[in-house]
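First comes one chain, alone, set out as structure tokens in the form predicted alone.
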């Protein structure tokens, strides 16, 4: 396997990913929230960029079973059903529902790699499951959503831990470039640490809006076995299973 890490979505040229499996990571919080939503029984997630597009799509899907979820500056968009806190996505709230989602970084990253052969969603919550799902890929692109076009330590740490698991599985057949080596080194040096996540730019921003509890929630490792997969701009469980 040849693996490439992109620290921000701005580095990604979707046109060159046609023969790649892409893994999108936005630990705090979109990818964690997508995992939480599917684990709670949501039928599907529809990622979009703008709030206007989200409202239009939810209306066309039918508001009786389509929920609007999204954040701007970490807080729920006014008039939406849900924000971007994974703790909101309970079976009672999203079970059997379709969720139209827009976030500052994560949904943009997902749509940026829409041209890849396969697109999976990773977080600390489902790290080993994603490693198993992409272990047979010949070309892997690990895309960190980053934070408003900048490097984010939380996403890069998760990328490094994903590569570490693949390295254990594949041994010397895993080839990584400089960014991948850097992500691996970060993972080997730190591992998941609540204090590190809380002190990240994303963690501090969440603390400022009263969402610090989300940081520890998103920092739990391998608590879910499901793998979200994006196909035709719809995210569903790769295994097709329920909650």
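Positions refer to the first chain, counted from 1. Being a predicted model, the structure only gives us computed values, none of them experimental.
Heads up, the form predicted together with a small molecule isn't pictured, but that's what we're talking about next.
Only one segment in the set 170-178, 61-69, 184-192, 26-34 has any non-hydrogen atom within 4.5 angstroms of the small molecule in the predicted complex, and it is 26-34. Think of it this way: in the predicted complex, the small molecule has a heavy atom of just one of 54, 197, 206, 39 within 4.5 Å, and the residue is 206. The small molecule in the predicted complex is approached by residue 103, whose closest heavy atom lies within 4.5 angstroms of it.
None of the heavy atoms of residue 126 is located within 4.5 Å of the small molecule in the predicted complex.
Among residues of the shown chain, residue 74 is one whose heavy atoms approach the small molecule to within 4.5 Å in the predicted complex.
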